[in-house]
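Take a look at this single chain, the form predicted on its own, given in structure tokens.
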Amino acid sequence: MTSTADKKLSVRFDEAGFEQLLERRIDPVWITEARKEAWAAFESMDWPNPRDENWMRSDLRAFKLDRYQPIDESVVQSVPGAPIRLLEGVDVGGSIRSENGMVTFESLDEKFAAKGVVFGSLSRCARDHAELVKKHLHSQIDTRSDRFAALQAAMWTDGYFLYVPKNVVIDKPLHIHAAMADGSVDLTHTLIVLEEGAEATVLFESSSDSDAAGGFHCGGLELVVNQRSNLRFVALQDWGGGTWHFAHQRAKVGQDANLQWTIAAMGSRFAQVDQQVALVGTGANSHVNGVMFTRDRQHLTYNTIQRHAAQHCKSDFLYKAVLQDRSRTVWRGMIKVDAGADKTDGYQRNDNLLLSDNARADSIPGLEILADDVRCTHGSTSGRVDEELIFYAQSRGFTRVEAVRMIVTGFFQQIFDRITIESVREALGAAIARQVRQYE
């Protein structure tokens, strides 16, 4: 397969490339103006400062933006080798597929479309349903927070949009697959909006055309869960092992609404994810479950914030990581409780299992509480795999790899028990089992 990096594309991440993007696009005026503002912010900023708390444990010296080129929309390129893991045994109500940052396929069951559900390409929906997209697009992400956020807001190529009207229940999962070829770029943005009393399940996965594929992903995600609505969102990140992955992810949860967000991070060479959930309505509830499995010299960083802005809200963040070889994970969690957000119940935990003496896991939990009458707790653990357990399993006929797989599965079981979709539990379990290596 010929990669995008081998093609002679004129578009680059510079002023001329940005102007060419504006010329090619068929965007509403308000999007064009927003792009210009974001590009000005990008030009005015430096790359993240290593003294910044969010970045001081991340080494960006090997990242060179000029090695990559934004997708030329006139060049059609398929990514047939990118695996799909979350669909087995699942009857979906709609699907979207993107390849190298451009949506190439979209479908929605007619019974949901008849109820006013919108599901498809973000670029198309921004034109066809401008009143729905304009209200929420980039409303939660500060495009001046860092250079990657500004770049994504300025040069996003396409993305995924889901709108579920008031009291509409989508009783089948919706599936999104982002595929990226070796050497390519993905600048997609995801926007999901559930109106009052709505309900939906979204399965989102990203993958490359080979395990070793390199590329550049700079994405944005915004979840809007309005009052009394329920969203189950599952995200599997399985980019190739040479990919640089940057993402700003936000969720806003309204009164008596529920968000269950499951994250599995297994791919990429380097990942820096800024994830925040804001509970903005009384009685809002969020559960975030994170699974990280690293190998080789992978480096995954997750900076998470649980912000309680209203009373009687509950947030529960649980991240678990298994590390092999010389890989490293960084989890920096913060529970923020605003003044007046009484009766808050906030919990966060990060547990790490190291399968190698050379692996490293950093856990930095924190609390910022400005209200009275709250319950906020946090914790973290890190430890090596128990050799006695491995010996016990081997004495009963299991190989060492099989023994380690059982231990790892048991370590993640608490996360699996929280996932309500059986096919997702099975797919994540299988993906994790494939990652376990032999250790003497």
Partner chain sequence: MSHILRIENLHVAVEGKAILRGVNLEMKFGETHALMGPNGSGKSTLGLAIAGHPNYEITAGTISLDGEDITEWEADQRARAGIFMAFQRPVAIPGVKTADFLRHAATNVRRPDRKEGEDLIPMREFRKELKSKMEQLKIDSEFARRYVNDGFSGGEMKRAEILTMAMLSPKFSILDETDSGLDADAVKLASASIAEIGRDKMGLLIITHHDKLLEHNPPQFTHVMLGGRIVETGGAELARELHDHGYERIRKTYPDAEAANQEMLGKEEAVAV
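Positions refer to the first chain, counted from 1. Treat the numbers as computed from the prediction; the structure is a model and nothing was measured.
Another form exists, predicted in complex with its partner chain; not displayed. Remarks below refer to it.
- By the 4.5 Å heavy atom rule, the three marked residues E19, R24 and E33 all fail to count as contacting its partner chain in the predicted bound form.
- Heavy atoms within 4.5 Å of its partner chain in the predicted bound form belong, among the stretches 52 to 60, 24 to 32, 396 to 404, 374 to 382, to residues of 396 to 404.
- In the predicted bound form, F411 approaches its partner chain with a heavy atom inside 4.5 Å.
- Within 4.5 Å of any heavy atom of its partner chain in the predicted bound form lies no heavy atom of W47.
- When its partner chain is considered in the predicted bound form, L389 lines it closely, a heavy atom lying within 4.5 Å.
- In the predicted bound form, D417 approaches its partner chain with a heavy atom inside 4.5 Å.
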